[in-house]
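In structure tokens, one chain follows: the form predicted on its own.
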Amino acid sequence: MEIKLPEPKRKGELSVEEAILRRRSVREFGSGKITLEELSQILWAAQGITGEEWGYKLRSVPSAGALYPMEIYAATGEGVYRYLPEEHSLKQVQKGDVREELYRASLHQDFIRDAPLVIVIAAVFKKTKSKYGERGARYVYAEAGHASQNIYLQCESLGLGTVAVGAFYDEAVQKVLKLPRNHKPIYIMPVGRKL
């Protein structure tokens, strides 16, 4: 099943400077689901298409060699979805709520279980390493950091909170999300309404 996401806004009410000033790691969330419009905006900030130059479709974060190894997943109470940047849509990869399992795979950090949305940034390292060798891993991690910061700032702009989590069992997270073997998780980012 594929879900077409609403067109993301290209102009917000909060300046970049204000978003940077207000950005904090948030580990407690209020009630309320994340809307499809909010999810669309967050995913676009993480890996969305922003233009085209020299025959390349450019994304919201820089990528070494424009190879774009990031794979973005969203887990909600309804299931797990993979973000498809070219179509700006979601492809459901499994049904059902896996947040409890993600919580266990992430050293029992309550906010992962309690958040209405959990974004997982994964990467296909081979895409970048095939061009840059072992140094490519460094570029992949840098790109994951860019995507994470964009998610932070976009959440702040939307009045939402998030936190970048790196403490988890990689293979357990892959298993919970049923990720392809070459999609290696780098960050888990629970997202919710600020208290």
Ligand SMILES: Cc1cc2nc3c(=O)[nH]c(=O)nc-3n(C[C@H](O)[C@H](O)[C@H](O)COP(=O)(O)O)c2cc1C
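The first residue of the sequence shown is number 1, and the count goes up from there. The structure presented is a predicted model; accordingly, all values stated were derived computationally and were not measured.
Just so you know, the form predicted together with the named molecule exists too; it's not on screen, but the next bit is about it.
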Which residue among Leu153, Leu39, Val140, Ala164 has a heavy atom within 4.5 angstroms of the named molecule in the model of the complex?
Ala164
Only one of His146, Lys33, Arg27, Lys57 comes within 4.5 Å of the named molecule in the model of the complex by heavy atoms, so just point that one out.
Arg27
Of the candidate stretches 121 to 129, 108 to 116, 81 to 89, 67 to 75, the one with residues having heavy atoms within 4.5 Å of the named molecule in the model of the complex is 108 to 116
Against the named molecule in the model of the complex, would Lys9 count as a contact residue? Criterion: heavy atoms within 4.5 Å.
no
Which residues, if any, of 38 to 75 lie within 4.5 Å of the named molecule in the model of the complex when only heavy atoms count?
none
